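One chain comes next, on its own, written as structure tokens: the form predicted on its own.
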């Protein structure tokens, strides 16, 4: 394992984030606060509670997941796409490092940035509602696994995209709708039976459900199933990344 190469890639990506701190950290946090004000205050004032939890507190895990998923995908996809766009990807590919070390550097940095954003949002939410974290270890586990798995997805998108427009295509048209339809702001028990069945095919349901359980011990599906689905998604993404590097799929523009 070439740990020096991993450190160089990781530090470069983290430095890029610190140089654009307002865009990288402040912007998603402010956006999430606006979501919280609109949904938590405007809608929450009309909904007394969900599963015995105040609506404002109920949506906190969903808001954190919304930020984690979008930021993980965006950070990882741009991180690997930019060197392809500028042509510096050739230097990385010609260096004596394996695809695992490249993935560890880029995905590790993207996951770290998303994890920091998630923690900031969590702390910020505490100023608006009374938070209860029943299982902090499980909460951190889901937080870390979600950051890693969707950073892997973003890495795949960054390798696949051939333009900045394609880079934004999947996050805007796929990720965001799945999050909104994945029980972020409601429980799927509120839906008609047919739509409850359809919702179970949405992978985000398992992420939000498991994460919310770690807070309030309420969930749409079992926590074991949620954890299994997150791990399965990570394995699938890692397999796709391995195939891309093995075949050289779109590694060069």
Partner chain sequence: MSSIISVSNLSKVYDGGFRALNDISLDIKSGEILALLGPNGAGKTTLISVICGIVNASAGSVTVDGYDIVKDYRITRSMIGLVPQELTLSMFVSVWDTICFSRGLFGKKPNPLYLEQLLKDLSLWDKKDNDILTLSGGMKRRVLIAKALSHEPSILFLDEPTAGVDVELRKDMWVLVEKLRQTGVTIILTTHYIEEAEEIADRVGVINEGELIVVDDKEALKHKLGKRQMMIELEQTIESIPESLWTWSLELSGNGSRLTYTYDSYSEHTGIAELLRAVDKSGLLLKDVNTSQSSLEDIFIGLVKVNNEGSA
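Quick caveat: nothing in here was measured; it's all calculated off a predicted structure. Numbering follows the first chain given and starts at 1.
One more form of this protein, predicted together with its partner chain, exists but is not displayed; see below.
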- Query: Heavy atom within 4.5 Å of its partner chain in the predicted complex: which of 174, 95, 144, 133?
  - Reply: 95
- Counting non-hydrogen atoms within 4.5 angstroms of its partner chain in the predicted complex, say which of 128, 164, 180, 90 makes the cut. 90
- Among 82-90, 136-144, 68-76, 117-125, mark the stretch whose residues have heavy atoms within 4.5 Å of its partner chain in the predicted complex. 82-90
- Are all three of 27, 34 and 38 close to its partner chain in the predicted complex, meaning a heavy atom of each within 4.5 Å? no
- Interface membership of residue 15, its partner chain in the predicted complex, 4.5 Å heavy atom rule: yes
